[in-house]
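What follows is a single chain, given as structure tokens, in the form predicted alone.
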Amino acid sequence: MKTLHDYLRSTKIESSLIELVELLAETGNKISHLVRQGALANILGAADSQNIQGEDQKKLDVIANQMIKDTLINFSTVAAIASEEEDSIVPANSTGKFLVAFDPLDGSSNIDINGQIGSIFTIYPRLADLAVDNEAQFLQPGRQQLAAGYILYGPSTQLVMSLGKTTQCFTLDESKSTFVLTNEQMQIAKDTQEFSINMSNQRFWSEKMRHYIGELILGASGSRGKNFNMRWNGAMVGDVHRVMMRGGIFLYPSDNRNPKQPAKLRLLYEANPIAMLVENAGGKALNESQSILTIQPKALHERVAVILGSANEVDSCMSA
């Protein structure tokens, strides 16, 4: 079977980008080992600290962030990095040509229960007319991404990645510490009967969103004329991976709980990289009015609504 190393070298992307993707995969392999050790590695529990968004951090949040950060800033082609766990960007190498943004550990609430968690990353080109320590380096629309992916730490560890045209899935062969290509061209089914959403927030949604979800719940007795199942994992990577593998729609809509924070998911660290993977697998990814990949970012930690997955079902949601 073809390894990640072999696959990357069969593409036409430049060698420095290949090396960067391999470096991220290697770091994900190390994080995967820690995850599998769990309590034996003393990585469970709270870190008694908060990130820039005021969210409580877990020990593994901090550990994974530091592992990825240390790896990237010492790689000569990385100009700067941005992390969901960092207040601001971190300059790396003045001669670097790539920017890397990442969510080191998505699904922190699942860490202590041995649930699905993952790491999300995206790579952008450095903007030559800006200094490497300028936050505006990262305020690029998602269409500018050179590569994106996530590493899912589940029963098996899988890397889902796109270099710009298609989306691939690699599975970690732990006996060889190597990612092996297991799906060369992922395709999201256009139709579905599954949806993923946090129903506990429904009282805060718009009337349009409540109506749409209500119709799904009515199933065959409602206007949709077919039954739907709800799935909710508590980690975006877990819910999105299900969509990638067998279709579905994942929703984290805007709500009115906090006027200063109308949405939950971060554009740079979560929405853009996942949207790239979904679109390149034949799905759709919108915020509630436009393609996520066309949004012009305004801030490093900007949040957006997310509706993505099976193309026909996303269309049904938008027209509800």
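Quick note: we count residues from 1 along the sequence shown, nothing fancier. From a predicted model like this one, the values you see are computed outputs, not experimental measurements.
Not on display, but discussed next: the form predicted together with a small molecule.
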property: Candidate stretches 234 to 242, 173 to 181, 186 to 194, 209 to 217, one within 4.5 Å of the small molecule in the model of the complex by heavy atom; result: 234 to 242
property: Interface residue in the model of the complex among 69, 266, 284, 59, criterion: non-hydrogen atom within 4.5 angstroms of the small molecule; result: 266
property: Selected contact from 119, 108, 145, 162, since only one has a non-hydrogen atom within 4.5 angstroms of the small molecule in the model of the complex; result: 108
property: is_contact(residue 198, the small molecule) in the model of the complex, heavy atom dist at most 4.5 Å; result: yes
property: The small molecule contact in the model of the complex: residue 150, any heavy atom under 4.5 Å; result: no
property: Exercise: residue 102 in contact with the small molecule in the model of the complex, heavy atom 4.5 Å; result: no
